[in-house]
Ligand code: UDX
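Below sits a lone chain in structure tokens, taken as the form predicted alone.
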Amino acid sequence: MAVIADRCSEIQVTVVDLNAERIAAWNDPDLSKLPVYEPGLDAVLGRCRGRNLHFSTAVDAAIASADMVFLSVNTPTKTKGLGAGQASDLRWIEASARQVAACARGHTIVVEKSTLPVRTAAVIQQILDSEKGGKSFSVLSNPEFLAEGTAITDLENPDRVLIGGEDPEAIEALAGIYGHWVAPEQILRTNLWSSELSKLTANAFLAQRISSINSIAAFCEATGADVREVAKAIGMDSRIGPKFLQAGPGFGGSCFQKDILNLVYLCRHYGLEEVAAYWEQVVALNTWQQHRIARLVVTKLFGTVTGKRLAVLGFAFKANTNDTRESPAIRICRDLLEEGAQLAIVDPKVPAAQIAKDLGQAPSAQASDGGGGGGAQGGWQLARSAVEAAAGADAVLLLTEWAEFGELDWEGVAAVMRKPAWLFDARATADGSAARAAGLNVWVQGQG
């Protein structure tokens, strides 16, 4: 919405939410305090907030005055009931559709922005059409393909904009908005179901590539090959390409796992058991990869990490975001805490409160100095720097590829660690040669 407001100065855009605290944060004069960290977002907001981009809790009034309403609420995986663990929880989509039906005036175009199961648009249309009183609605599907960390660039220079619908006038109205800055040939028009399925399929294919290269990384470690050399070789094949071939601790974020599990659920619903099993294995291998890394750390540290201090570099699911949803670091850290490790976690954008929520336990009052004490109960603390985290530690785990972790002074880090000490580089972004020269044992993802 910020980019649309920035590129379409004649359109008034109002972002509404029931959460007053969140709206207040979006309206905070200090742009460094935005609820979402995204490079470049502060500059976009600085240009258009208060001009034609507004943040408000007046949901009903905003709907009543709108010609077009974007449904952008969360659609998490259900935790209980029918389809628990795989199906999308659509309660907020339904609630939003009912609120739009009740508050809209005249003709309103309703745009699905949330990632939704195929044929959800039909449910939304049913809810909207149940409202009488001279109202009419057109439902469009307009899935978002941006990536966190590069979202502004992705929006300003999209590979494509996808609009699915049955009402030609509504489709062209939305295409006209994007047409302010997107070339006509990059605006694709499909039916509703193709648009909804395209989003699930895109995320499934991207996640599949990550699981595929991570499976090969494990094989490289067993055979003496180097996954980066393998990835470069296969990536030069024009049929494959080089993107999403970086081995790591697995995929995270709000979309990949949720969307694949939803795809699995839908395939089973339609009796496609073999197809469901195929996509389910992509998620299973991702989970295995994270458990594998935690087990490897325990094995290398003489079979136990109980009471040992481990420095964890990075907690966000990727660099340049403060999003920790489904972050690989969560499962890896939980496994190590269960083994009794004392973790010192450093991340430039993730606060202690979020880490505590994700790990399911508050930070420890006193971090272990690596002396092997602390009992069998695992604990964690937030550290302000990599050197502070490494003080007295037996190992450093690099789990998020923040640029600053690729430029560490490994002499200084190694000097404060307990020997023998390890670097476990799950992202293959650290200066391994410098770490070895400083006296550390080094494990790099995908290197034999």
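What you see is a predicted model; the values in this text were computed from it and never measured. Don't overthink the numbering: it's just position in the shown sequence, from 1.
Keep in mind that the form predicted together with ligand UDX is not shown, yet the notes after this line are about it.
- Proximity to ligand UDX in the predicted complex, defined as a heavy atom within 4.5 Å, holds among A362, I216, A147, A277 only for A147.
- Contact with ligand UDX in the predicted complex, defined as a heavy atom within 4.5 Å, holds for exactly one of L192, A170, L128, L245, namely L245.
- Residue heavy atoms within 4.5 Å of ligand UDX in the predicted complex occur in exactly one stretch of 74-82, 293-301, 139-147, 337-345, and that stretch is 139-147.
- Proximity of G252 to ligand UDX in the predicted complex falls within the 4.5 Å heavy atom cutoff.
- Interface membership of F315, defined by any non-hydrogen atom within 4.5 Å of ligand UDX in the predicted complex, is ruled out.
- Put simply, V118 is far from ligand UDX in the predicted complex: not one heavy atom of it is within 4.5 Å.
- Contact annotation: K199 falls within 4.5 Å of ligand UDX in the predicted complex, judged by heavy atom distances.
- Shown without its partner, the chain has R427 as the single residue in segment 414-448 with a non-hydrogen atom within 4.5 angstroms of ligand UDX in the predicted complex.
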